[in-house]
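Okay, here we've got a single chain as structure tokens, the form predicted alone, with questions on binding and movement later.
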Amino acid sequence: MAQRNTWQRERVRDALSDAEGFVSAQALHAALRDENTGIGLATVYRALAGLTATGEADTLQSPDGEALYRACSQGHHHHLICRRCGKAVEIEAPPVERWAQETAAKHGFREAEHMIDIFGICAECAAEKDAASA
């Protein structure tokens, strides 16, 4: 079922585009609440689900198990994500794409899909961490 393009969905889309890196639905809702939009948390979740379904948003699960979202700027891709500040870098990984398709085919699977998110500490956070421990 196609999702209607409402002003609430547009506002969630705009807020997601304005966010730095990946953000939780709760954090996005808090930002919208601070702007007195009147948009409820359930509406934020519905809008994010719709944006994810249409490829307008990326979603991933944090190491803590929380769903995080970010406005999507390209087609199929993977992410490097800083566990400390949330900075995300979109990457392509042709060897991973080949491996996924070959592995699926080897086991008789078709229409295989995959998501790869690599969590670590970005260079800036690593430098801050090193400076703090020196």
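The model shown is predicted, which means the values in this text are computed figures rather than measured ones. Sequential numbering from 1, following the sequence displayed.
This next part talks about the form predicted in complex with a further copy of the same chain, which is not shown.
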**OP:** For the three residues Gln8, Ala30 and Ala71, verify that every one has a non-hydrogen atom within 4.5 Å of a further copy of the same chain in the predicted bound form; reply yes or no.
**Re:** no
Original post:
Which of 50-58, 35-43, 63-71, 22-30 has heavy atoms within 4.5 Å of a further copy of the same chain in the predicted bound form?
Top reply: 63-71
Subject >> Any residue of 109-123 that, in the predicted bound form, places a heavy atom within 4.5 Å of a further copy of the same chain >> reply: Phe109, Arg110, Glu111, Ala112, Glu113, His114, Met115, Ile116, Asp117, Ile118, Phe119, Gly120, Ile121, Cys122, Ala123
